[in-house]
Ligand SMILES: Cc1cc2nc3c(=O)[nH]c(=O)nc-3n(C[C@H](O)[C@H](O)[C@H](O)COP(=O)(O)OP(=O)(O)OC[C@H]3O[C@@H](n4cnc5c(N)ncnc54)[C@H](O)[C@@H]3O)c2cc1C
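One chain comes next, on its own, written out as structure tokens in the form predicted alone.
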Amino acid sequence: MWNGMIDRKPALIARCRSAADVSAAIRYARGAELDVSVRCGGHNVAGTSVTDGGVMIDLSLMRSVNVDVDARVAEADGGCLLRDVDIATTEHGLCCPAGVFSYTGLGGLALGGGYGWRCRKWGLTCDHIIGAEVVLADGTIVQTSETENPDLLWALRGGGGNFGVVTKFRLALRPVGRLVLRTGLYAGDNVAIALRAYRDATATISDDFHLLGGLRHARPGDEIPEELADRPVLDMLAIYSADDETSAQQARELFDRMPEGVAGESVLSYLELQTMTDESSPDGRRYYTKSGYVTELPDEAIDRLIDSAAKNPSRTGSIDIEFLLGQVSRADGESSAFPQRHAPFMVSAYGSWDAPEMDDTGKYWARGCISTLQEWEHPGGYVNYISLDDDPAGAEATYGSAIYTRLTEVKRRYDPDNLFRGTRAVRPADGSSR
């Protein structure tokens, strides 16, 4: 498991190589009356891929990817990591927009939504699911597409792992070229100035332009004045297409308005972009994430975030402020179960430490950070960032009543006994309370 805080032991691990293997594992679990969990990459912060005393369906041996270049479609096994899909598709100048860590499992990310570096330009990973092979709770293997079990396809696009085990994804692909990464590192009073410039820029930037700011403690090697080393610093990242002159001009204007800092610029391939943060979150470290959507970032919210960053008990954690909208907000609401597409910002407090005795302190810090922003809270939450102690019964608040009601109807059809229970558990309409 990626998160060293997860310490659960299944009764059985079924290392599957096919949908038929998955079907057999599900039938066994049902017969033995055991809970079921599904492991793809094991990268979920809440550790949903393992349950104590249950059956873990491990898809990690199922990692084949086939690319139809002419159709711009990839068929990816359910156990693929993002890097498997990226390597197979970028060879042909194509990609499926997905995530920010290449060792993340495709299945968990896509089923929960899938923000990533290019989501403002192309939308979420779940928006690119055009079909799937799914093993249902009774062991039946079905196909889903716009014409075959379309209600299941709708639910798989953002409804989490509540409806079955996806053993194969059909993904729409996008042509992708070189990308520009511009960075800035700011310290002291310039942190607040830079965050305000970032906030103001979001009012006019193009969909091609992706912005993220990360507040953290200074580290050895940061080029900042020694007297500012005990105050939070801000990493600013701007990403856009190398051939998009509008984005390039907007980047120039933004960084011209920024205060003094350490600036950087590089041109990357899509594969380089997708792997650039891999080493920042090593396997086995203890992680806790608390996130929330916010409607705006007034000066008071910025000041509170900087104050929270200063109180971070870990030298390796951070607070990320990501601007969303773009194509995420323009997708047809009827095409997927993903909620809260119109949230402007997502703020995520990433707790990260090695010592178990820091668990309580680190969790308290992350929860406190997000609670300071309640005045500007946007409803709902991101399924993939639900943490260990968040209420698994809070699905209706996460999805909103209209989407949640529709999900419960799909659940009743495909998993009436509630065998599959994701991070945000969707219960069958008028069905099992299990």
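Since we're looking at a predicted model, the values are computed, not measured. Residue positions are given as counts along the sequence shown, with the first one as 1.
Form predicted together with this ligand: not shown, discussed below.
Among residues of the shown chain, Val45 is one whose heavy atoms approach this ligand to within 4.5 Å in the predicted bound form. Taking the partner from elsewhere, Tyr115 is found to have a heavy atom lying within 4.5 Å of this ligand in the predicted bound form.
Although the partner is absent here, Cys40 sits close enough that one of its heavy atoms falls within 4.5 Å of this ligand in the predicted bound form. Among heavy atoms of Gly108, some come within 4.5 Å of this ligand in the predicted bound form. Interface residue among Pro339, Pro232, Pro97, Gly161, judged by heavy atoms within 4.5 Å of this ligand in the predicted bound form: Gly161.
Though this ligand is absent from this view, in the predicted bound form it lies within 4.5 Å of a heavy atom of just one residue from Ala343, Leu153, Ala238, Val165, which is Val165. Three-residue candidate spot Gly131, Asn149 and Arg413; no residue lies within 4.5 angstroms of this ligand in the predicted bound form by any non-hydrogen atom.
Judged by heavy atoms within 4.5 Å of this ligand in the predicted bound form, the contact stretch among the candidates 31-39, 65-73, 400-408, 372-380 is 31-39. Although this ligand is not shown here, in the predicted bound form the stretch 76-104 places heavy atoms of Gly78, Gly99, Val100, Phe101, Thr104 within 4.5 Å of it, in sequence order.
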